[in-house]
Every structure is written in structure tokens, then in C-alpha cells.
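Presented below, as C-alpha cells, is a lone chain in the form predicted alone.
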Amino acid sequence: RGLWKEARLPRVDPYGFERPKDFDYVSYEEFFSRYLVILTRRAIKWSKLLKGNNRIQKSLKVKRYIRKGIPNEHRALIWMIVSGAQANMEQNPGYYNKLLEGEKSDTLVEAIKTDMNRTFPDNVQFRKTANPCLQQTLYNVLVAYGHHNKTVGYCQGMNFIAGYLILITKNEEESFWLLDALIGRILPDYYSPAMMGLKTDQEVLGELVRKKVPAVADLMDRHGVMWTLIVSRWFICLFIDILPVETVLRIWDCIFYEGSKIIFRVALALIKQHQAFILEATNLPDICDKFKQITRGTFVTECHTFMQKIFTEPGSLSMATVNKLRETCRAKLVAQGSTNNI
């Protein structure tokens, strides 16, 4: 029966990622057959909403639709519109190509080239043997972005973000403008050399956990575990390679519309849901291991119920609350002189 299931579900997923050797085909197929019904229903609603004119205005209805997931055929378009990337691209015709044709910084090019083969080795579309091979597209987007935003240049983690954008948009220039929306506007200072925004947000998460899941905060304090050890990749990679692809894309749907506070909602939902499990940990390696384990299994695979949970489990979380915490955490870090590289 297992083999038959495996034959029904291809070994490579729709985005080109090879499923891991221990992939549970049986339970995934059960989930996906249920999810397919939801996807079909959402696709019909989205088609009605767009009415073939490819324009939407931000509204409570659109926000609700986005939280319930954007069908893949509309995903690139909606991300482009709600993030402001579409408007930027239209206001700057030819800008992307100009960046590619301009002078290049050797150190930037070198840093990007080094990371090419490390980007999604488990994705068939990024292999040198693929036709077309997406490595060249990825290289172009990252080189253009490094010259567009010289303060950031290139930083590890951006390769994964850009890679996902390319897989969804299948368009080099759109991927560039979406990367710009994320790094330039949505994620506050995660990738600059001092990574101040990233350090700040890790501390913000710590404060939110202290308020909403105090027992876990106490455990971290008791064992002297710094949040950066546990969650830095959650923030830098926006859950890529941490949560299943389908779940990551659903999270990104909301990030492009609602901003970076969604990252905290996801983190809090994961921690709150698995509080009892995390509290079984008795030492530092144990805590790290528990945090790895909570990003696997049915809770995160069943992306539709997971997304409902991130809006209910953590309770209210306004952008005002997040910004206030950011101010205090940032001030604390500055006072500690923590602007050196991680």
C-alpha cells in the first residue's frame, strides 16, 4: 500500500523539491486530498474577486481572502500588488536591466557565486543539469539587488528568499522587486551588516513569549538559552527549510499583506501549541532539539488549520505592540553596544 501511495504522489513536489527519504506519503496524501477541496473552493472565490482585471484594492475582504490562502496561479500577481512591488516596477521601467548591465563589485559577485551551489541542493530546478537552470536567474536577482541596495549588499539567507520568489513568480524582474519589498520595507533591517533589526526582533519575540507563554520564557532563562540560538533562521529565512513549502507560502501570503508581525504570530503559535513538549527539556541541547522537532509533523504540514491557529493561538498582537517592543529592545541592544556583527 505504501508503494502505491508513493507512486501516486511524485517524489519531487510541485516546486521542484525532492521529498525527503523518510517522507510520510500516506498521511500527506490524506491531508492533501482534503486540502485540494479547500484550494478549489478558494480558487473560484479568487477568480470572482479578480474578475479577470488583475487589480485589487486592499480591504478587509482581501485580507480575509489572503489569510485563507492565495491560489498558486494568482500568488505572484497578488504578492506583487499588495507588497507595492508592482507599483515600484511600473514606476521604474528598465531599472532592473540597467543594474545588470552596470559595473559590478567583485567582492559582491564572489560572495553570491560562493552560495550558488548551496542554494536548494534538493531542488531539481536549481541543479546545473536542469534546463533552464534557475541558478543564473538567482545570480542575476541577487547581483542586481546588491547593487540596488548597497548598504545591504548580499547576506546569507537572501539566496533562499530570492530562490523561493523565483519559484513562485517564474519571473526575474518581479522576483527582484519582491525582494526589494521584503528587505527594503517589510523586514526591518534583518540583512544589513550589523543585523540590528534581526537582533531586535529576536529580543521582541523573547518579550512576547514572556507575556504569552511565561513558562517557556522561564525555561530559557533558567538554562541561559539565548533566543538567537533557537530562532535566528526563522527570521532570516522566513521559515524556508524549517517549515514545509506549502506552509511557508501561506505564511508569506500574509507577510506580504500584513507585514513582519506575522513572523511573531507563527513563532508564538509554534511555541504555544508545543508548550508542554518544550517544557520537558532539561538542558541546552535538549531545548534546541525540542525547538527543531516542533517545526515538523502534522501540526505544521496541515497548512490550512495551521494558518487558522496563528491568528487565534497567540491572541491579540497589534503592530503598535510590536513597534513599542522594538523600540525598547533596540534601545537595550544599543546600550549593550551590540551593533557588531553576529
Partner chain sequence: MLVGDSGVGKTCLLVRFKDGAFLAGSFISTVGIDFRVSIWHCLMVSCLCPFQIWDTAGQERFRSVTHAYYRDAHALLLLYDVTNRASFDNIQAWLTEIHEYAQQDVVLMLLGNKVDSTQDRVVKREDGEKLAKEYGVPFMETSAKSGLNVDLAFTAIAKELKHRSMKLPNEPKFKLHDYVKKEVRGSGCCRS
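Positions refer to the first chain, counted from 1. The structure displayed is predicted, hence computed values, not measured ones.
From this point on, the text means the form predicted together with the partner chain, which you will not see here.
- Here the chain stands alone, but in the model of the complex its contact with the partner chain, taken as any heavy atom within 4.5 Å, falls in 184-192 among 78-86, 264-272, 184-192, 163-171.
- Here is the short version: of 72, 105, 137, 156, the single residue with a heavy atom within 4.5 Å of the partner chain in the model of the complex is 156.
- With the partner removed from view, the residue among 225, 99, 245, 124 that has a non-hydrogen atom within 4.5 Å of the partner chain in the model of the complex turns out to be 225.
- The partner chain in the model of the complex comes within 4.5 Å of no heavy atom belonging to residue 213.
- Residue contact check for residue 199: one or more of its heavy atoms lie within 4.5 Å of the partner chain in the model of the complex.
- When the partner chain is considered in the model of the complex, residue 92 lies well away from it, no heavy atom lying within 4.5 Å.
- Looking at residue 229, you'd find a heavy atom of it within 4.5 angstroms of the partner chain in the model of the complex.
- Shown here without the partner chain, the chain has 114, 115, 117, 118, 120, 121 in 98-133 lying with a heavy atom within 4.5 Å of that partner in the model of the complex.
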